[in-house]
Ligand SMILES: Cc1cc2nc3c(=O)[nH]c(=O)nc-3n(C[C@H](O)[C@H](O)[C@H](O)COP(=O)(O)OP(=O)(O)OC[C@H]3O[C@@H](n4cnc5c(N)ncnc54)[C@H](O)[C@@H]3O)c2cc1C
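Next comes just one chain, in structure tokens: the form predicted alone.
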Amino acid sequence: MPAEAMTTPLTNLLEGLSVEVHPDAPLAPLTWFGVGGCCDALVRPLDLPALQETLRRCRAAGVSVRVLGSGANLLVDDAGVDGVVLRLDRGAFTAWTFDADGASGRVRAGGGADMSKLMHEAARLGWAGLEAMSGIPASVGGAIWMNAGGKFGAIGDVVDSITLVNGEGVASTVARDAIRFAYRHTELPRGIVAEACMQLRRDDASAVRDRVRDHMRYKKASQPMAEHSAGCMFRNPTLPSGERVSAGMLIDRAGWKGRREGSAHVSPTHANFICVDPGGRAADVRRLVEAIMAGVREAHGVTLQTEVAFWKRGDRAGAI
């Protein structure tokens, strides 16, 4: 259904709820690529009951729902995306609390909480375990869904439990032993991470801060941190031998580092990063991605898989 036909029904659909509704909202400013079109409605629930009722009403009305975290690892099509895009960037969804006794190292954080800010607060208080998130732009919920991490560890290393809200608006607690964390993937029922409980460990605050600084220096030296990029475009593939190899290395050896497609180019700093010029187009990124995949397949016989999600109208990818 065209966006203009959906605007009024979606606004009316969510009437009376504790939500902010922004019809025909541009998504480009909310993503790290900085490109792409609008969604039919950007919806910001103010509390858990509002989130649950939003999901129930959208499910009953047949309206697709997607969740937007920090906007990393996402490419929105130039024509935008249909339905509702939820953003948990209001109220309790952005907050965190350490256990009152200050001795257990358990922290509860809303699914929309800024992972970088939480990491720095934990470091200031002398709690270790989140340093692996240094330089990774993510909300808590988004980080958990993709088991975000890198050379120094992953978020799954510290997750103790999560509160998951499914597409029908039902909330449930999922314990650690029921969650399977894998490379850039967390095996969970489809839904939204509304809250997470993480178990950190006590350490010297200055030592934790030093590790954060060291990790950040490594990232800045090896990745194009200042450019419009969504992070690593491709997962590091596993060869038939069982060896996991660097996607960036394969792309570089196939001759794609620095190459360009319109407004998009492969970073000369790290070949697994695609960067976009200000005012660029998502279509250029898609064409470059497809060309790189074909080039790596021809050069190495390896089929790359994207780490970045792609949203477009008429496609249910990413919908709950």
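This structure is a prediction, so every number in the text was calculated from the model and none was measured. Residue numbers run from 1 along the displayed sequence.
One more form of this protein should be noted, the form predicted together with the named molecule, which is absent from this view; the next part is about it.
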- Task: Using a 4.5 Å heavy atom cut-off, indicate which stretch of 37-45, 280-288, 255-263, 66-74 touches the named molecule in the model of the complex.
- Result: 66-74
- Query: Looking at Arg202, Arg209, Lys219, Arg106, which is the one with a non-hydrogen atom within 4.5 Å of the named molecule in the model of the complex?
  - Reply: Lys219
- State the residue from Phe234, Trp127, Trp96, Trp145 whose non-hydrogen atoms include one within 4.5 Å of the named molecule in the model of the complex. Trp145
- Considering only heavy atoms, tell me if Arg176 and the named molecule come within 4.5 Å of each other in the model of the complex. no
- Query: Does the named molecule come within 4.5 Å of any heavy atom of Ile192 in the model of the complex?
  - Reply: yes
- Query: So in the model of the complex, does Gly83 come within 4.5 Å of the named molecule, heavy atom to heavy atom?
  - Reply: no
- is_contact(Ala196, the named molecule) in the model of the complex, heavy atom dist at most 4.5 Å: no
- Message: Where, within 134-166, is there a heavy atom within 4.5 Å of the named molecule in the model of the complex? Residue list please.
- Response: Gly135, Ile136, Pro137, Ala138, Ser139, Gly141, Gly142, Ala143, Trp145, Met146, Ala148, Gly149
